[in-house]
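Only one chain is given next, in structure tokens, and it is the form predicted on its own.
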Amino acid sequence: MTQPQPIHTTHIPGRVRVLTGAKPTADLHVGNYFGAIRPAIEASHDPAKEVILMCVDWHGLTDRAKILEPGKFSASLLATYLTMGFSLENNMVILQSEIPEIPEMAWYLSCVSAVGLLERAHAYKDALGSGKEPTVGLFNYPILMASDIVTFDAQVVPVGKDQSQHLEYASDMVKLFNNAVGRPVLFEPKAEIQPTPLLIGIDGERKMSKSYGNHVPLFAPKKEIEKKIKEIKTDSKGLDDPKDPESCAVFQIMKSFGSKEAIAYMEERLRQGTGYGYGHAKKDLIDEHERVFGSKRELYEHYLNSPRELAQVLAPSHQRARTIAATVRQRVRDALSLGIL
């Protein structure tokens, strides 16, 4: 039996291509940094990885009531990653809507995917279950996400357990397409299941979220940051009482972005308790927030207010991404015998 030929991928020898995405739906806060921003930045400094970080603005359009948000917040998201140190050396930061090959690839995937597959998608079922009228965009969301992945020959996609279905769908669609054309054309991605970190908000009860108003912003004015942090809910233990860091919202927020030294100092002082109350802890948290984020506020605002410069900084990323996408697109067109004869 003839063995299938390997796919001539666009991968760089010695590097694993990792694709990760972030949706620009609201102003970013410490919870976003902890859960998504910092892990992507750290991955970009790993010499064994080639990271494609995509601002998935098309994904944000699936909610008709918030259809204008992605366009408003894309620059903020891109500026945040650059400000906080995402390495553009051998990596890419791109805007999804700048890559026209993605919707074309989505069409090809949709032509081999059964309606029943999409009807079983969690987001679609949740919308129906909550009485919402889902858009066609939401129904087709798994196909667009799969297209994001296969358009760039992504090898690994970090996801939380709640997102693992999307990677299963992408894998299924790749198999369906390759089987339909009779040879391996699309590269099958692998999921890298990540722990889903939950950062408590300043109310000490719920996950940090802007919708709850219990968030700590990244680059807001210092006075606003101070006000938010001073509102963090604590228990009634006194100045000299030993305190449990693990049940202290101030310490949990510190752990999400602080230096090892700052975290260790607060933990030790809370456990000892002597002469160290929650007011002291909040003051230390304010100082660390200013060191990590406040010191970069000017750079962030510069990127945000200089769209032309932001576009220039990201131009090499988009050029590299378009080159990869065009190569994959041509493989698919050749397999389907599409194009000029």
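From 1 onward, residues are counted along the sequence shown. What you see is a predicted model, and the numbers here were worked out from it, not measured in a lab.
In what follows, reference is made to the form predicted in complex with adenosine monophosphate, a form of this protein that is not presented.
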Going by a heavy atom distance of 4.5 Å, is residue 277 a contact of adenosine monophosphate in the predicted bound form?
no
Indicate whether adenosine monophosphate has at least one heavy atom within 4.5 Å of a heavy atom of residue 317 in the predicted bound form.
no
Does residue 31 make contact with adenosine monophosphate in the predicted bound form, using a 4.5 Å heavy atom cut-off?
yes
Could you confirm whether residue 208 comes within 4.5 Å of adenosine monophosphate in the predicted bound form, counting heavy atoms only?
yes
Picking from 43, 286, 36, 61, the single residue whose non-hydrogen atoms come within 4.5 angstroms of adenosine monophosphate in the predicted bound form is 36
Just one of 198, 123, 239, 176 has a heavy atom within 4.5 angstroms of adenosine monophosphate in the predicted bound form, so which one?
198
Heavy atoms within 4.5 Å of adenosine monophosphate in the predicted bound form: which stretch in 246-254, 131-139, 199-207, 83-91 meets that?
199-207
